[in-house]
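Okay, so here's just one chain, in structure tokens, the form predicted on its own.
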Amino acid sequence: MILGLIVILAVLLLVLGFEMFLVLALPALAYKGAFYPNIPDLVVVQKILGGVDHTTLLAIPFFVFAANLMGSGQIARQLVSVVKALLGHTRGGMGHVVVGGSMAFGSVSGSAPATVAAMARMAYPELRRSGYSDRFSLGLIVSSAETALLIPPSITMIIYGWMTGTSIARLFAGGLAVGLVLGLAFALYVNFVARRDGIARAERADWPTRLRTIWAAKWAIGMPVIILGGIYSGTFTATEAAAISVVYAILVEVVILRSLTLRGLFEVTEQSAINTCIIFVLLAMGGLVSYFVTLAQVPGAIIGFLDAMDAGWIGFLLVVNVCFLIAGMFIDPNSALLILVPPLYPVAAALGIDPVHFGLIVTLNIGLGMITPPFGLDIFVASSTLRKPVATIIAGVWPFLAVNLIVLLLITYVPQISLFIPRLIFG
């Protein structure tokens, strides 16, 4: 009875529009008061602080800062210009540029919302001039940004790695393969639409033009080379790579390209601090929720249920996908991660599911949730950036959701896709 009331409290807080940290914190405190009143309040404080007291999480503010620097400066634009020079002449032209550009920006930002904002400003007008419909253009921009969560570095993978103790370098390596598969799936759909709608090919850039474009973007290209090369070679950790990316971005944008003034740098720093605070408040509350999930032995109850149903790992992963799909419709991605991973990860480990494979299933689901109506975060980012009605963007997203679900099933039940590159690099 009391547990039911606590669940109702959480739902009411969510429906009434309370801040997400309160939706996490108040039911957790109510659960503590109802079932564990003897636990000292100091323990609650320790669990909240413990939710953010980890050096791995230092990568998050650095990558957020670097992403905002590149989106406000020239690095993002130069990366897209390289992709356009290489892919602009193909069937679907600008559509492929958006997919490839999102993957390129994702390789230096790790943030889907930042990718949506950057690509919307740069690519939307050109998509419309190329002959794509308004709905398709908006849906493509919003959906392609999902690859930024998979192509390393990825803030979502960093949080998952911290929560589960999984190697972030292995997650990044697996995310590279999954991101390429998702990007290829989007490219195939773009090609289908381009043929169906008779989208004309752009003029092919000759190799001297391509080489000049690549040379002009040498500083932008250096960013993913340094980050990914350093991590995979073992030269530095993901956290160190994040710090280096900030120093590199400031050096390139402020000193070399002079695309950001000191005032602009201050504004980017201020916005990055706000973004980081939002994430870390949720992580702190997530530490408290995770503690009570463990005390309540929720993972054991799930394992018992699966044993009774004789579902096995196949049925469990189906349940995981359904849970994340539903959660993605109503709550922000970081909250879904913090609520669902603590009870589900121990079950996955008990069933023998590789933590890297499970992490990539979770990450792909988080990305899917960011474009799932009615409350997909990236939908609202695109709406505010381009001043387009949310309903129009949602109409354009539906076909890409179908493509996403097909890829999700493929990644879920063919673990070799997620594990091939990590095993190749790390053994």
Partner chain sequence: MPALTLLRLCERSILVVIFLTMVALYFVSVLARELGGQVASSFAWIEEAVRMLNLFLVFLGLGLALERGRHVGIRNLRDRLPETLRRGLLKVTDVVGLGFALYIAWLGWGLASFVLGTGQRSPTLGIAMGYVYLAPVAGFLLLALRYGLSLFGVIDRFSDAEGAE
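Source: prediction; values computed, not measured. For the two forms, the rigid core is made up of the largest set of C-alpha atoms that agree within 1.5 Å on superposition. Positions refer to the first chain, counted from 1.
What comes next is about the form predicted together with its partner chain, which is not displayed.
Trainee: So which of S259, N321, S81, T276 reaches within 4.5 angstroms of its partner chain in the predicted complex, heavy atom to heavy atom?
Mentor: Filtering the options by heavy-atom distance leaves T276.
Trainee: Which of these residues, F266, F192, F305, W207, gets a heavy atom within 4.5 Å of its partner chain in the predicted complex?
Mentor: Going through each option in turn, the one that passes is F266.
Trainee: May I ask whether D53, F62 and S272 all come within 4.5 angstroms of its partner chain in the predicted complex, judged by heavy atoms?
Mentor: The answer is yes: all three residues contact the partner (heavy atom, 4.5 Å cut-off).
Trainee: Of the listed stretches (93 to 101, 347 to 355, 312 to 320, 247 to 255), which one has a non-hydrogen atom within 4.5 Å of its partner chain in the predicted complex?
Mentor: So the stretch in question is 247 to 255.
Trainee: Within 4.5 Å, heavy atoms only: does V15 come near its partner chain in the predicted complex?
Mentor: Heavy-atom contact with its partner chain at 4.5 Å: present for V15.
Trainee: Using 4.5 Å between non-hydrogen atoms, is I411 touching its partner chain in the predicted complex?
Mentor: No, I411 stays farther than 4.5 Å from its partner chain in the predicted complex.
Trainee: Using a 4.5 Å heavy atom cut-off, state whether A243 contacts its partner chain in the predicted complex.
Mentor: Heavy-atom contact with its partner chain at 4.5 Å: present for A243.
Trainee: Against its partner chain in the predicted complex, would V181 count as a contact residue? Criterion: heavy atoms within 4.5 Å.
Mentor: Close contact is absent here: in the predicted complex, V181 is far from its partner chain, nothing within 4.5 Å, heavy atoms only.
Trainee: Mind listing which residues of 14 to 52 have a heavy atom within 4.5 Å of its partner chain in the predicted complex?
Mentor: In sequence order, L14, V15, L16, G17, F18, E19, M20, F21, L22, A25, L26, L29, D41, L42, V44, V45, Q46, I48, L49, V52 come within 4.5 Å of the partner.
Trainee: Is it true that V44 shifts between the shown form and the other one by 2 Å or more at the Cα, once the core is aligned?
Mentor: After core superposition, the C-alpha of V44 moves 2 Å or more between the shown form and the other one.
Trainee: Superpose the two forms on their rigid core, then report whether the C-alpha of T164 is displaced by 2 angstroms or more between the shown form and the other one.
Mentor: No, T164 moves less than 2 Å.
Trainee: Under a superposition restricted to the rigid core, does A67 display a Cα displacement of 2 angstroms or more between the shown form and the other one?
Mentor: It does shift by 2 Å or more.
Trainee: Comparing against this form, do F380 and F62 have their CA atoms pulled together or pushed apart in the predicted complex? The difference is 3 Å or more.
Mentor: Relative to this form, closer in the predicted complex.
Trainee: In the predicted complex, do the Cα atoms of P342 and G51 sit closer or farther apart than here, given a shift of 3 Å or more?
Mentor: Farther is correct, given that in the predicted complex the C-alpha spacing of P342 to G51 is increased by at least 3 Å.
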